[in-house]
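A single chain, nothing else alongside it, follows as structure tokens in the form predicted on its own.
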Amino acid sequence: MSKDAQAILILCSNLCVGEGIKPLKPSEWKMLARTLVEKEMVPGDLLDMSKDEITKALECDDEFAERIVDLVGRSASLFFEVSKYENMGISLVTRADKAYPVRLKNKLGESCPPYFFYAGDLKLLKKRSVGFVGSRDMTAGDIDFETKLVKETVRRKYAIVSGGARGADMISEEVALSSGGRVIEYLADSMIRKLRKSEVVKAVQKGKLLLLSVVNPDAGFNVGNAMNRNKYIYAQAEAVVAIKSIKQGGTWSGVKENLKNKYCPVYCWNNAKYSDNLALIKEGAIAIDGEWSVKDLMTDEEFRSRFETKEKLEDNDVKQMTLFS
């Protein structure tokens, strides 16, 4: 691990947080990273500096400088904990590492987390991929529809991106792996628990499954983490397919966030029985049926242009109403 990578982990990790130790929040790291660039410094520089030197170099107050010194002071216990996870097959990749998810950097910019825990081969991140999301409660018809699309996606050599949740996420993962495909999974909870399953370990060891997470490997489920994880799926994928959405659920929120930020094209099953799917299509998701294939993928630019055209038409409608009202 490079000195810069060590610094990022020391300053931002929630591991070994004792009394008075306050790791930097993502928003605080973002501000510090900007300051380091402005001062022509790198994160590793902070590891060998005193409180007074930090205060002077960053032009910050004594309290923040002392906080950095305290965080650096827990280095030994922190890296002991890291080595414990490494013995379990769980490693770390930081924004200072070349292996960090490039698509996330390009799509999310400063919103990228400082680091990810991971298990598996990071080279899978270089594969073109499609995400599959949807409700936890899937009917036989939903499963048949998704299975057909996933198999076609794998046949065309795309990896599958999943959030690892019960329902549509796990179905896409299981179908992909059983069909000889590759899976990139962004977890929202315990990676250790995930790795207790023998089939998961085998897939990781064979280079077919890559697990990534921003939360500590032994963390439990948290709704906030699950919702925050959505954007990693969309930023990683060439496109995301929503099988079944329920208003105010995780799939609904993820699609809405993507429609706002346009990380990637998002497709939605045009099923007349699912009113929330139809609502997302009305807002800009691309309607598809069982004949959809990744060979028909839109580019990011084509997807964004759909909204530009829509906005121009709506703006023109407003002008016409003003002229003739």
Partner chain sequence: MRPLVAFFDIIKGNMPEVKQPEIYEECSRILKELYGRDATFRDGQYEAIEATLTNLRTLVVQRTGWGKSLVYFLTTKLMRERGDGVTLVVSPLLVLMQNQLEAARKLDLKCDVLNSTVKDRRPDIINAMVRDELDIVFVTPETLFSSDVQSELRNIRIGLFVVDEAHCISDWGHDFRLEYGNLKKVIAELPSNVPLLATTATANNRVIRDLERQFGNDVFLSRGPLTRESLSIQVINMPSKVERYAWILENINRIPGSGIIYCLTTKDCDNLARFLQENGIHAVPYHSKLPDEYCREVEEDFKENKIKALVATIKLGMGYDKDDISFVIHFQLPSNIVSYYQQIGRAGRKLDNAYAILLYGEEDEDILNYFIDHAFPSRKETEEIYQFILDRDGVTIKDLQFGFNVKRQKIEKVLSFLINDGFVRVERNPIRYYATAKRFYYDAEKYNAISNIRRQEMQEMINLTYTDKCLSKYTVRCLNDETAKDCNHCVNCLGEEFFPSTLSGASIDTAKDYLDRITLEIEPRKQWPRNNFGDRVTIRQPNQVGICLSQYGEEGYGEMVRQDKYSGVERFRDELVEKGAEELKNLIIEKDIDYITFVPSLRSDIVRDYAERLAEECGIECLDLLDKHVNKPQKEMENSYYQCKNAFEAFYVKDRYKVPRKVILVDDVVDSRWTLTVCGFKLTECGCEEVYPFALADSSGRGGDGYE
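Computed from a predicted structure; not experimentally measured. Residue numbers count along the first chain shown, from 1.
What comes next is about the form predicted together with the partner chain, which does not appear here.
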query: 4.5 angstroms heavy atom contact with the partner chain in the predicted bound form for residue 87; finding: yes
query: The partner chain contact at residue 219 in the predicted bound form, heavy atom, 4.5 Å; finding: no
query: Non-hydrogen atom contact residue 128 with the partner chain in the predicted bound form at 4.5 angstroms; finding: no
query: Residue 83 within 4.5 Å of the partner chain in the predicted bound form, heavy atoms; finding: yes
query: Answer option from 98, 166, 196, 123, heavy atom within 4.5 Å of the partner chain in the predicted bound form; finding: 196
query: Proximity to the partner chain in the predicted bound form, single hit among 227, 201, 170, 246 (heavy atom within 4.5 Å); finding: 201
query: Candidate spot 113, 152 and 297, all three touching the partner chain in the predicted bound form (heavy atom, 4.5 Å); finding: no
query: Segment that reaches the partner chain in the predicted bound form - one of 100-108, 132-140, 158-166, 72-80, heavy atoms within 4.5 Å; finding: 72-80
query: Contact set, 106-121 vs the partner chain in the predicted bound form - heavy atom within 4.5 angstroms; finding: 119
